[in-house]
Each structure stands twice: as structure tokens, then as C-alpha cells.
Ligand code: PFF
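Taking the form predicted alone, here's one chain by itself in C-alpha cells.
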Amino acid sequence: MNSTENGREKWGSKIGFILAAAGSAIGLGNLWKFPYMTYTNDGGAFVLTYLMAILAIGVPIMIAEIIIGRRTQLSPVGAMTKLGGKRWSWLGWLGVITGFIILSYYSVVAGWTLEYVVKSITGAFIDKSPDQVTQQFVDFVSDPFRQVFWHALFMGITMFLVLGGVKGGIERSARILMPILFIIILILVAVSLSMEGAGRAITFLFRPNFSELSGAGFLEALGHAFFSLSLGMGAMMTYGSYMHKNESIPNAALTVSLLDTVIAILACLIIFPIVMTFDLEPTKSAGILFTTLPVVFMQMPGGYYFSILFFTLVAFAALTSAISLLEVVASYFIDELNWNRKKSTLITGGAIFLFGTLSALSNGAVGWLSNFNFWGRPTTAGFFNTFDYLASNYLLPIGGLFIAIFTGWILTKSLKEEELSTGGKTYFKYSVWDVLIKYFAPVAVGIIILAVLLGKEFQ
């Protein structure tokens, strides 16, 4: 395939888009958030509900975003303006702003993974007690220099890959990173399934008992199905704008969703045997990755190598997501202000890095920032928690809700049918998707937003 079409960069192949879009969806949430949520919601019934929610909410909204992007061949602001007029341009801006905010703090946590790859290689966890490993993490997040250093390095890597363009940078990196990510996951799954607690883990994960699923667990399944696929922030819209016209949108969306879901399930098959072998209690905080697991790794046969592979896996997953977040922001300036890719990437990436130092420093030298109270919610980690709370609980679901409404009720049927009918054979049914995007998806995301307003958080 040509790398340009009508003067716009394009994916070099169908698999290029799928790997890049799957990389956007597969991130830190797959590797620690989904296992935590599955564990606290008693396993099988939650997983089955999540799978149904992916099909009924996630896939329809992903298809909607890709339709908008490919139809307009523009990034979110231009796409929404072209199809909906200036009164809908705010929705595109919301995606750009959301991507900017999320990447600013996401890069900080991603930087932690780089630190822990180095720690694993240098044997920093060998012969250390649980308290010593925990203290290592506390010392690390309290050190402003190290926080900013790793944040800067991670953002630098992300910018470097985005500088290469759609085919030469984003797609090429996805073609390298994603297969390695899958190989590492399969190795870790094989090791975990050889552990004593593997049988209990498999039964727990795949035995559905709906009497064990609470109403809150049902809402969490709905919420995570939406958040897991990088929806509501313009990433799929932007990536869709680089799709060729002869590719099937439904097939691509289903494949990306399948890959994302498989990774989440495999992450459970890595974590749960460890949890059940060593009688651990997963926590909501990502800190378990950097405090509890390193101790456990050192008690396992080959734990030194396991820890290196695990933190490399987490770093790769974070990087593939970060690339899409930066592209959402950079593409606005490329499309709307006619900046070249180098200028746009360096300026927007630099701005995100500087903004992200607020999150990096809120755990370190300027801990006094944690005394601030934003959005009526006390924070324990200053700007970091505030930005995460704002994006996860408000910006993303609002973006997803209005994308569903816009696609379902504003776009014409002929436009949608035209975009969805190209690209070869598919088992996709327009009538089913039309009902889901018009009625089910908006209601489900609306319930998520209502739950947040009533005090339920999706982080």
C-alpha cells in the first residue's frame, strides 16, 4: 500500500493499523488494573460481563471513532468540525486536551517501569526483605530528580518514535514492540501456569457465578470495557484518519478489541497464579507492581529473569499507549496549523513533559502540592491523582458519550453505511451496530457518568 493518500500519511498495511491501534489500547490498565478488578469482583462472572460489555459498548464506539477519522482524513478537531460544524468542534478539542492531560501523568508512571527494568537487571531485589523493597519504591517516588529523569527519558523515546511519522515511526515501532510484547506475555504465562496456584487461578478466572457479582461489579465491568480500548480521547479517531479506504472498519475494530481483551486475560493468568501461590492480596494501587511483585519474583525459580521480562513487558505496553496519546495532540497542529511533524512533535511533546513534571514532583521535592484540593476531592498525591481523577471519571466518559450520540444521531445513515460497507467480507450487521450506538452505548456510558456523580470512581 502507498504510505500517502490525497497527500495524507497512511498506514503501510492493514496489520500496521491493527498493531498500532492494539498498542494504543493495550497499556498499564491491562496489566494491573484489569487483574485487580477481576480479583475483587470474584472472577468468572465479572470477566464474562466485561466481555459482553466490550461487544456492546467498546466495539460500537470504536467503530464510531474510526468512521469519523477515516471519513474526514483529519485529526479530532478538524474531523468534528468538518462533519458537525463549529458547534461540534468542542468534542474534538476535548479529545486533544484529554490526550495531553493523560500522557502528562501516564509518562511519569511509565518512567517508573524503566527504573524497575534497570533495578531488575542490576539485581536490586535479590536478598531484600519486603520492607526493604517497599522502602526502595518510597525512596524512588520521593526523589524529584529521578522522577523527572525517567519521565523525561520516557517522553523522549515516545517523541522519537512519533517523529518518524505514521508508517516510518508509529507503525514500525508497533511492528517491533507488539510481537515482542506478545512473546514476553506468553513466556510469563507459561512460567506462572507451572506454579502451585495455577489450577485455582484458572478455576477462579473462568468459572462464572453471577450470584457473586454485585451491582458495583457490574458497573465496573461496563466502565472498564469502555476505558480499556482507548476510547473517548480521539486516539482511534486519529489512527482511523490514516486508514486506507479499502480496509474494513468493523473487522479492524473487532480484531483490535479481541487483542486487547486477550492481553487482559493473559495478564490475569500471569498475576493470579502468583497471587494464589503466595497468598497475596491485589490492591487497587499500581504500587503492587513495584513493591509486592519484586519480592515474589525473587522467591520464584528463575525470578531474576522473570522480573526483567515482566518490567520490560510493562514498559513496552506503556510505550505503545503513549505513542497514540502524543499523536492525538501532535496531529492537531499538523492538520490545523500546517506545522511539519518535527515541529509539532517536539513542541507538543515538550509541553506535555513540562506539564507532567507537576505530577512527577507532587510525590517528591514539592510534596506541599498534595495539600491542594481540586474538584471537591482531597488528593494524597497532588496533581498526579487530580489529573487521573479528572480524565478517568469525567473527560473520557463525556467524550465517549457524545461520540456515540454524534455518530448515532447526527451522521447520516448513507455516510455510515458507505464507510462500513467497504473493505471486504465481514460478519458485521449494520442494523445491530445502529441500535447499539444509538441506544445501548449512550445509556451505558451515561450510567457510568451518573455513577461517578454519585460517588463511584473509575480509576
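The first residue of the shown sequence is 1; numbering continues from there. Remember, predicted model here, so these are calculated numbers, not experimental data.
As for the form predicted in complex with ligand PFF, it is not shown, yet the points below apply to it.
Proximity of residue 272 to ligand PFF in the predicted bound form: non-hydrogen atoms within 4.5 Å are absent; the residue sits far from the partner. Within this chain, residue 51 is remote from the site of ligand PFF in the predicted bound form, having no heavy atom within 4.5 Å. Among heavy atoms of residue 45, none comes within 4.5 Å of ligand PFF in the predicted bound form. Not displayed here, ligand PFF is approached by residue 25 to within 4.5 Å at the level of heavy atoms in the predicted bound form. Proximity to ligand PFF in the predicted bound form, defined as a heavy atom within 4.5 Å, singles out one entry of 201, 325, 155, 101, which is 325. Only one of the listed residues (170, 79, 360, 235) places a non-hydrogen atom within 4.5 angstroms of ligand PFF in the predicted bound form, and that residue is 235. No residue in the set 113, 137 and 292 has a non-hydrogen atom no more than 4.5 Å from ligand PFF in the predicted bound form.
Of the candidate stretches 423-431, 406-414, 53-61, 28-36, only 28-36 contains residues with a heavy atom within 4.5 Å of ligand PFF in the predicted bound form. Contacts between stretch 154-169 and ligand PFF, counted in the predicted bound form as any heavy atom lying within 4.5 Å, involve no residue at all.
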